[in-house]
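In the structure tokens that follow, a single protein chain appears in two forms: structure 1, then structure 2.
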Structure 1
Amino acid sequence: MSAWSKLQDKDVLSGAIFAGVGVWFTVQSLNLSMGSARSMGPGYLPTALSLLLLAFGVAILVRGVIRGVGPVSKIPLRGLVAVIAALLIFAFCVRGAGLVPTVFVVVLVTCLGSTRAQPLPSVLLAGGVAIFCWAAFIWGLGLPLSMIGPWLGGY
């Protein structure tokens, strides 16, 4: 296997992406107060998680260079677009529409990314995840999110 084909390996590329995202978030979180293990500041968890992502990225990259799986195949654009759309929908709609409707729509949009997704199981999954998110985050943890937002007549 040539050096160029090793650089095109999917493990090498995904490891490089993970490592790059880990580095970027580590640098961004260094502006926050770290605190200590006993009294964690707002930068402690983001820094720890981004360093963990960096470590996983480097491990995957090294494994790809050593082992080599093969060239990257066709990128699944449908799934990529669905996941990016779901993230944007959540970011822009959770405060206005509320947690439950936003999570419901986000799960449905994510299901559209799969060619094997069926309508009824997708709706059932979306409903289940929305109810779980309400129970865990609003009811259980008491986060200040509205269940139904002002766009839909909630508070």
Structure 2
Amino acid sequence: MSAWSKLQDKDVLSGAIFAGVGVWFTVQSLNLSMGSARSMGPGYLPTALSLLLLAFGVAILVRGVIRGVGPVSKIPLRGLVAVIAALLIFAFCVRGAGLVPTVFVVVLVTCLGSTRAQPLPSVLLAGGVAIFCWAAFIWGLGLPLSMIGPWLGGY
């Protein structure tokens, strides 16, 4: 097995991720005061757990190198990128642009993640969901969000 295909092994990858996360948590925990076994400080248990995580990560990594479980299946970026982008747009725009325009855009961007979504139905869906969200969440449940935000001349 070539080194490259080893790198794509699910155990190798996840082991590396766990070990990396373990190192990050260890570094973070070491900045906290440890205290003693009798009176544990905020860093005591986190340090122990981080090191344990690091150990598990290395164990999984080694197991993957010795006896791989097979390469990770292809990650189609289209859906992943569209959905994450839509969430970030929501987070950054909902206050400024208001709920209705934000939801409209979020639905459209999310639709880009699907190979089946057609332009016109997507726009209709976006409009429908935006109106529904206004009715249900602002008018019905009274969420403290504006319909049209300050960026677009709302309140």
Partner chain sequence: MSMDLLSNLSIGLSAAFSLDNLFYCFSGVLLGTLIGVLPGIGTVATIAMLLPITFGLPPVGSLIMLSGIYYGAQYGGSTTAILINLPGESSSVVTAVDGYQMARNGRAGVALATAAIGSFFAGTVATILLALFAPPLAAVALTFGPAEYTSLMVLGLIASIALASGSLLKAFAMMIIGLLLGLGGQDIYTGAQRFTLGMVELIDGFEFIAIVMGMFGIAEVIRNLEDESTRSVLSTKLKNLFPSRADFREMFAPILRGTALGSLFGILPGGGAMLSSFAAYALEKKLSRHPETFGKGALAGVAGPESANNAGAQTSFIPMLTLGIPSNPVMALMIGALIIQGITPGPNVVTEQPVLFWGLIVSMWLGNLMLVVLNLPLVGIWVKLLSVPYHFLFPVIVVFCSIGVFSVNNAAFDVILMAIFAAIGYVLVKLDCEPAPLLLGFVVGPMLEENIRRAMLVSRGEPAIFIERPISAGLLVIAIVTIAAVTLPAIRKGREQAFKEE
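Rigid core here is just the name for the largest C-alpha set that superposes within 1.5 Å across the two forms. Structure 1's sequence is the ruler for residue numbers, which start at 1. Just so it is clear, the structure is predicted and the values come from calculations on it, not from any experiment.
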{"item": "Identity of the form predicted on its own, given as 1 or 2", "value": "1"}
{"item": "Core superposition between structure 1 and structure 2, C-alpha change of residue 146 at least 2 Å", "value": "no"}
{"item": "Threshold 2 Å Cα movement between structure 1 and structure 2 for residue 87, core superposed", "value": "no"}
{"item": "Residue 136 C-alpha moves between structure 1 and structure 2 by 2 Å or more, core aligned", "value": "no"}
{"item": "Core-fitted comparison between structure 1 and structure 2 - CA shift at residue 61, Å", "value": "19.3"}
